[in-house]
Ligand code: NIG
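Before any questions on binding or motion, here is one chain by itself as structure tokens, the form predicted on its own.
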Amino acid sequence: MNFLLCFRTFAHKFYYKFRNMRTIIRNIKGLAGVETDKRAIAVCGKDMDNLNIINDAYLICNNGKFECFGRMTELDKEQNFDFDFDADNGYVLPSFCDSHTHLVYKGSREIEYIDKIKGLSYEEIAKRGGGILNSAERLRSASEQELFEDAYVRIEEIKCLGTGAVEIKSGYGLNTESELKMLRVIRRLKEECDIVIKANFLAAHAFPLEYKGNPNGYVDLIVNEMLPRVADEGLADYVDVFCDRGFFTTEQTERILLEALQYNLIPKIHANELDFSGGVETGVKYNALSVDHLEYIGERQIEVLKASQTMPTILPGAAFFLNMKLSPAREMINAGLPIAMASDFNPGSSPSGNMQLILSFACINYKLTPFEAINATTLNTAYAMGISNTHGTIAAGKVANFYITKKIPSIEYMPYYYGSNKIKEIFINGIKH
């Protein structure tokens, strides 16, 4: 076990002791994303451009939760605190929630990156045995310990960049034992990391080479063998399917979702990245928590989503890295929909988990306002993870995951000054890291 993991084991012995301490953050230039009496589980349409900010503020945490907040002039100076921090005129924002990642993997895929530069498409690389199949081959030969150590380092990296909750998908195993191996690694990460982690079973990510001529046979394997074992070990919170052109059809997707519902696994869908695939409609039909990617969205899909509780989730990093057409985020918001934006952190199409960069992409490429972008990467992504009742905003009783910025002139500076880490301090469960 490397030094980082040894240190983490040592630190966990003291974790709950410090979590129960009462902490104050003083001299906050602007406390953003606060909620008082009215609580929202998500924000939609024009409301996405509303972000409550308290200027010259303080914030108090207790027992790992937000206790209260207000203006410095209103602070009762007679109170006692176990820890007293000075924000030094920095801003405080709720931690990012990254609702779509594939960060358990073995090895990078920079050679395919060169192929992309030379003009090969995502589908052409996949047909040559690259893409997801390349990652599957490497993952099958890796041990659980190797996968855990690599993923742990990635989680520490994204945490330092402001992420306080993350969903991790399987999908690089593509056989029963390797998919279970990935999910067991995610379970261990849940146990040993201090941020919230959700596990998503995504065996329906691609068709393995051994089922190239028998795609329905692979669906049989998922339904008859993988799903019962995943459920028996309690390894997943969600089930996902890559429902798109060249991958899983709507009929195959429905079969997997119907079976997963027997095990109380909540659906999520990779949808409409490559074409008008029917993935959005299928996801809504089965009450998917989110449908993700959404490069191909028209009036029909917008109307279907408006009549649902499904969160449309855009993955700007993948569209940027693959030079794909952009999802019509502005049209979706103008139609009254909510929008979430996540990193899609993975080795092939989005090798970055930097949610500060996603915040910038949201504004630069998708024309969201800074306030819309913050809501899209905090509260709405928390909804897409099923945790917006506890994460995504700063409200009394919610989990105290937040960060303090360096000295910046305004909230709008966060997406504007792209490419650098603007965070000075991070707090997870009310504890400074």
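The numbering used is simple: start at 1 and walk along the sequence shown. Predicted, not measured: the structure shown is a model, and the values here were computed from it.
FYI, the form predicted in complex with this ligand isn't displayed, but the following is about it.
- In the predicted complex, at least one heavy atom of residue 172 sits within 4.5 Å of a heavy atom of this ligand.
- Residue contact check for residue 346: one or more of its heavy atoms lie within 4.5 Å of this ligand in the predicted complex.
- Put simply, residue 205 is close to this ligand in the predicted complex: some heavy atom of it is within 4.5 Å.
- Proximity of residue 159 to this ligand in the predicted complex: non-hydrogen atoms within 4.5 Å are absent; the residue sits far from the partner.
- Contact annotation: this ligand lies within 4.5 Å of heavy atoms from the stretch 95-103 in the predicted complex, the single such stretch among 150-158, 283-291, 95-103, 223-231.
- With the partner omitted from this view, the residue of 359, 132, 340, 182 that lies near this ligand in the predicted complex is 132 [heavy atom within 4.5 Å].
- Among 218, 238, 296, 242, the residue placing a heavy atom within 4.5 Å of this ligand in the predicted complex is 242.
- Although this ligand is not shown here, in the predicted complex the stretch 272-286 places heavy atoms of just one residue, 273, within 4.5 Å of it.
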